[in-house]
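Only one chain is included here, represented as structure tokens and corresponding to the form predicted on its own.
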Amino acid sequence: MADLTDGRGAVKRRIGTRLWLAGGWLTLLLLAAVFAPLVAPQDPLAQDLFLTRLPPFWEKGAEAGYWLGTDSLGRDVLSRVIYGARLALVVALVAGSITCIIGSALGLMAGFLRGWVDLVISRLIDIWMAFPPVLFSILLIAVIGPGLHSIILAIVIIDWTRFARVVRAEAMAQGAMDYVASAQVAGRGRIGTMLREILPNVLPTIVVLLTLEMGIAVIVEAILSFVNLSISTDDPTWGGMIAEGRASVYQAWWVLVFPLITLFLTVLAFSQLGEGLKDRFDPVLR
């Protein structure tokens, strides 16, 4: 019994550590993005051809005030990484939330109402998932034009099926439970049962999916920026910085490495936050 208690305690500590680390990084990134004009050491758009490809502060030839060096146009890498976090987090929060609302609503209706509603939504999901997501997003941006709204719209159009499929399965499982039958016997209508009985029990799964979707949204935005289909090329984006750094990786490796590390840590943080929340909501571990 003591071994079982110790094992549960160790699992809870690992979950707590995972949540703290992921939440800490995302909080730090959010604060840096919100207060970018205050914390960024330089103007991210300012160019100085006399300061091109300066190395980070610990290498020989570094310049004071340019902590992570400069790119081929003399722009400060640290400032551009900080300002790039603004776009990444806006896309993650807005696109993730809209995708969550649309996909969860459709999945909830399909899984609980069943019948023709489930048939129509399920066939729509099957058709939508036949398109390769990355190519589909590039095609959408090419048609509707680059820009923040276009990126968000492309992510929503592509990824709503992820929520719809999972929430549909969860709603079907919850709909077979005795408490749902009891609510209907007590006189509660189908819509009331779906919103007051099914939704609260599916909500933990939706929250986990939302955090994972935010990480996916960050990746999609970086891919579109990498192929120059995001916002204006002058505005700092992590994908754009990676694309620029790839061309000069042997002369100025820091232009590629620092935005790549930031992107990796951000996506990893969203993923670990989702995994930690999934474990925290797990009734067996709880």
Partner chain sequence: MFWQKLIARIGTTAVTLIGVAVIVFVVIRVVPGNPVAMMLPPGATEADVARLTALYGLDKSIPAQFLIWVQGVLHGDFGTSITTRQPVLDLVLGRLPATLELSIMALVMAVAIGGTAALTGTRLRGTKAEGAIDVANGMALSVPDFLWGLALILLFGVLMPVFHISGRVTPSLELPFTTGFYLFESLFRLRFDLWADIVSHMLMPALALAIPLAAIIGQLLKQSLKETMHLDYVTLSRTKGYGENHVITREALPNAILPTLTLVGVQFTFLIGGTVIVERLFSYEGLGNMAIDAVINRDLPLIQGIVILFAVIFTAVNLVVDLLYTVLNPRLRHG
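Positions refer to the first chain, counted from 1. Quick caveat, the model's predicted, so the values are computed rather than measured.
In what follows, reference is made to the form predicted together with its partner chain, a form of this protein that is not presented.
Engineer: Could you work out which of Leu54, Ala32, Ile242, Leu26 is the residue within 4.5 angstroms of its partner chain in the predicted bound form, going by heavy atoms?
Structural biologist: For this set of options, the contacting one is Ile242.
Engineer: Which pick from Leu260, Ala62, Ala36, Leu45 sits with a heavy atom within 4.5 Å of its partner chain in the predicted bound form?
Structural biologist: Result of the distance check: Leu260.
Engineer: Does the trio Ala130, Trp253 and Leu268 actually contact its partner chain in the predicted bound form, every residue with a heavy atom within 4.5 Å?
Structural biologist: Checked in the predicted bound form: all three residues contact its partner chain.
Engineer: Looking at 148-156, 133-141, 89-97, 72-80, which lies within 4.5 angstroms of its partner chain in the predicted bound form, counting heavy atoms?
Structural biologist: Single hit among the candidates: 133-141.
Engineer: Mark Phe226 yes when one of its heavy atoms lies within 4.5 Å of a heavy atom of its partner chain in the predicted bound form, and no otherwise.
Structural biologist: Contact check for Phe226: yes, within 4.5 Å of its partner chain in the predicted bound form.
Engineer: According to a 4.5 angstroms non-hydrogen atom cut-off, is Trp20 in contact with its partner chain in the predicted bound form?
Structural biologist: No, Trp20 sits far enough from its partner chain in the predicted bound form that none of its heavy atoms falls within 4.5 Å.
Engineer: Can you tell me if Ala217 lies within 4.5 angstroms of its partner chain in the predicted bound form, counting non-hydrogen atoms only?
Structural biologist: The answer is no: Ala217 has no heavy atom within 4.5 Å of its partner chain.
Engineer: Considering only heavy atoms, tell me if Arg190 and its partner chain come within 4.5 Å of each other in the predicted bound form.
Structural biologist: Residue-level check for Arg190: no, no contact with its partner chain.
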